[in-house]
Structures are given as C-alpha cells and as structure tokens.
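Next up is one chain by itself, shown in structure tokens, the form predicted alone.
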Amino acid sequence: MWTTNLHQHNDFDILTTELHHGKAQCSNPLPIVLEANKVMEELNRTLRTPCNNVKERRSRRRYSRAMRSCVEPTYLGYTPGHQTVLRIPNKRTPKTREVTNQVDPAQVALLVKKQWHLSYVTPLYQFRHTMVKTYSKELSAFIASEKQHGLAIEIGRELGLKANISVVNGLAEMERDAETVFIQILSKPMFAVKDDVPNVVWSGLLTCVNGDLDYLQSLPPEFVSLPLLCTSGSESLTVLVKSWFKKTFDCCFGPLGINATNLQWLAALWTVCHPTRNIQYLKLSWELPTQPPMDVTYRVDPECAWKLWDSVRQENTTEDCISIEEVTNFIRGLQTNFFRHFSLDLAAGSLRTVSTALGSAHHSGKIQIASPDFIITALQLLTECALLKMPI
C-alpha cells in the first residue's frame, strides 16, 4: 500500500491518498472551510491554475417553464440539451407552493427517501390512464405466469405477487404533460390471513414533468409520452415489468445516466436551498484520470458553500435567476480552492456524485430525493435528460 498525506493548509483538514489493490482513493472526511473571497480572487487570475482552462459556455437564449423548487414557483431555462437559466424564489415575497399542496401526501411519501434507478422510455402506444386497474390485473397475471415458468424473482417461493398501478395527480406542470403513473408490486404469503398487510417489494414511477412542448405536440394522439422511469427494487422484477410494458405498449427502455453538467446543476440547486432548507453538507466526488484512477471526495461546510455561491452571483443577473455561468463559476470556485491547497486539478476529472441532506445523485443513473419539496424540480431535470436520450 502506498500512502501520501497532504497536510493541512490553514483552513483545510488533512487529505489522504491511498493506493490499495490497484485503486486510489482521495477523501476529506471532515467539512472544509472555504474562504469565498479568496476563491473569487483565484477565479479572476485567469492564468494561475488549470481550472481556468475550462471553457465557459454562454447562451443568449432563455425561456420560462413553470416548475417548483424548494418552497415556491421556479423556472428552469435551457436550450436543447443544455440548461442555461434557473429562476429561483423571491425571498422577499414568498409564495409557498409545496408539492404536498398539489399531490396526495400519502403518494408523496412513497416517492421520497428511496434510491431510484433511472431509465428512459419511448412513447407508450394506446396507453390509457383510465385503465390502470385493468393494467394492474394484466401485470399481476404476467408476473405469475413468468414465475410459474421458473423465472427467479428472488423474493421467496412462498410469496404471492400482486401488481398495483395507480395515477399520481398533481405532478404534471403543463397541459401536454401526461399524469404520472406509479407502479407497486406487493408480496403476501400464500396462506396469509385477511388482515395481513402485504409488503412492497418493488416500486416504479413513469413520469413527464415539463416535457419539451415541441416534442409532445409532434406525437400522434395514440401515443403517451412518459419518458422517465424510476425503479426501486429487485432487478429481476424490473426486467419483468419492462418486458410487460414492451409487449403491451410497444415501447423501448434504455439506461439513463446523469452527466457531469446535470450533477453540477443539482449541486447548485441544493446549495441555493440552504437558507430555507438546511442542506447540512455538500459532498462531491470526482474521478481523476490517473493510473490507476483516483477517486476524490470533497465535503464542504454548507455555510461556506452558500458564501461561495453568493460570491459568484453576477451583477447583471436578475434577482430570481440562476444562470449556467453562475453554476460553472460555483463549481470552478470549488475546484480552484482545492487546487490551491493540494495541487490536484479536479477539472481534469469527471464529476461522479453529488449529495446533500436534500438528496443525492450518481452519474450511473441513481438518485435519492430526501425532501418532498424538491421532487418536481428533480423530476423536471430528469425528464429533460430522458428526452435527450430518446432514440431518433
């Protein structure tokens, strides 16, 4: 094992790099106190560090699409394939509009604090929201048939399975958005008594929040677009559910990752929420292209992250907007401060994970939403990701 200790530089804790069995890990387990003003001085010195070589993307296009963030209406702006503007709440005139005011709280509780695996879905042919009870029976019969044929379902031979498909009203943001569909697979012992409560062994969510209007209008009327699938549970049951949907609605599924740009948006969105929703910490992980690859985990105190965010706010940005330039500068500020102390260029690597007390996201397509107030914001961002992955 090879170990290198990069010792504390004033406001930093010790950073340890280890190489064991061919893998390097670099982590700072304790909160790092950032000096926002010093970071901004570094940002202005354009030739000091490699981080400044990151090309800043700018766009003149903006658009407004209704969405909800932490406590009230927001708007996320983008050009095709690249978000450019986020509108945030005006703290001086709050207009609380929480998701629990729009959606049944019991249904909201089923969506939070689960780790969801993401997939994209092509439009469903002849899907009807009014027939979900019929679909529940058909899916239950399909699962029972596959189990009878000897398919391993990994939940025990003594259990009976029942599918329950329902509609979650209130998550749709636009008239063209199809209402969200929630799928549960319940297990119950074959000889259970009447009052036994079945266990939920698998959950799934098909949704479209603020889908691209041009795309939705281009679809023939017999197709329904629910481009984002979130699943939680056994992979074998996921395969079964996807197989039934393919056979019944002539659709296709594909894996959906969360790229570095969208992870940066999530980091900024959660940091913006700190004054009203304590994020407790901001943790980001990069993978650096060393031999072997090095994983760097960077944990930041929430107050320091907020001060850094406040320092990168642009003067020409309206009070209720976040721009892609500000998001880029925020991440670059973290990278620059890290480089100044440890001479490791995080910008040369790839952002892999982002996490706070409000939620976490992984580049491989895993996300957990801990706060119900952030559900619609996250689902809108993921809906756009799914639509961009859609086969032409």
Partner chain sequence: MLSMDDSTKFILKRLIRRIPLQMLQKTLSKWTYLREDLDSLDFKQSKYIFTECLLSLFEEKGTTVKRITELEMIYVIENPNQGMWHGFQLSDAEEDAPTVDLIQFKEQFKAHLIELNSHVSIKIKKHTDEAIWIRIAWGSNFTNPNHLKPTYAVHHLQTPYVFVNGLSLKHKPLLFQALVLATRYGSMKDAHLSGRKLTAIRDLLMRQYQQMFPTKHPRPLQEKNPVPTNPKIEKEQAVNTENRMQVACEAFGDGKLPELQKAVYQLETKFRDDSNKTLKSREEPFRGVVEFSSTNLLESLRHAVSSGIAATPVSALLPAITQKRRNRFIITDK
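Residue numbers count along the first chain shown, from 1. A quick note: this is a predicted structure, and the numbers were derived from the prediction, not measured.
The same protein also has a form predicted in complex with its partner chain, omitted here; what follows describes it.
*If we take heavy atoms and a 4.5 Å cut-off, which stretch out of 258-266, 173-181, 245-253, 297-305 is in contact with its partner chain in the predicted bound form?*
So the stretch in question is 297-305.
*So, in the predicted bound form, is L358 in contact with its partner chain at a 4.5 angstroms heavy atom limit?*
Heavy-atom contact with its partner chain at 4.5 Å: absent for L358.
*Would P292 sit within 4.5 Å of its partner chain in the predicted bound form, counting heavy atoms only?*
P292: yes, in contact with its partner chain in the predicted bound form.
*Can I324 be called a contact residue for its partner chain in the predicted bound form at 4.5 Å between heavy atoms?*
I324: no, not in contact with its partner chain in the predicted bound form.
*Is the gap between L344 and its partner chain in the predicted bound form 4.5 Å or less for some heavy atom pair?*
Taking the distances in the predicted bound form, the answer for L344 is yes, it comes within 4.5 Å of its partner chain.
*asked:* If you apply a 4.5 angstroms heavy atom cut-off, which residues in 326-341 are near its partner chain in the predicted bound form?
replied: If the 4.5 Å heavy-atom criterion is applied to its partner chain in the predicted bound form, 326-341 yields G333, L334, T336, N337, F338, F339, R340, H341.
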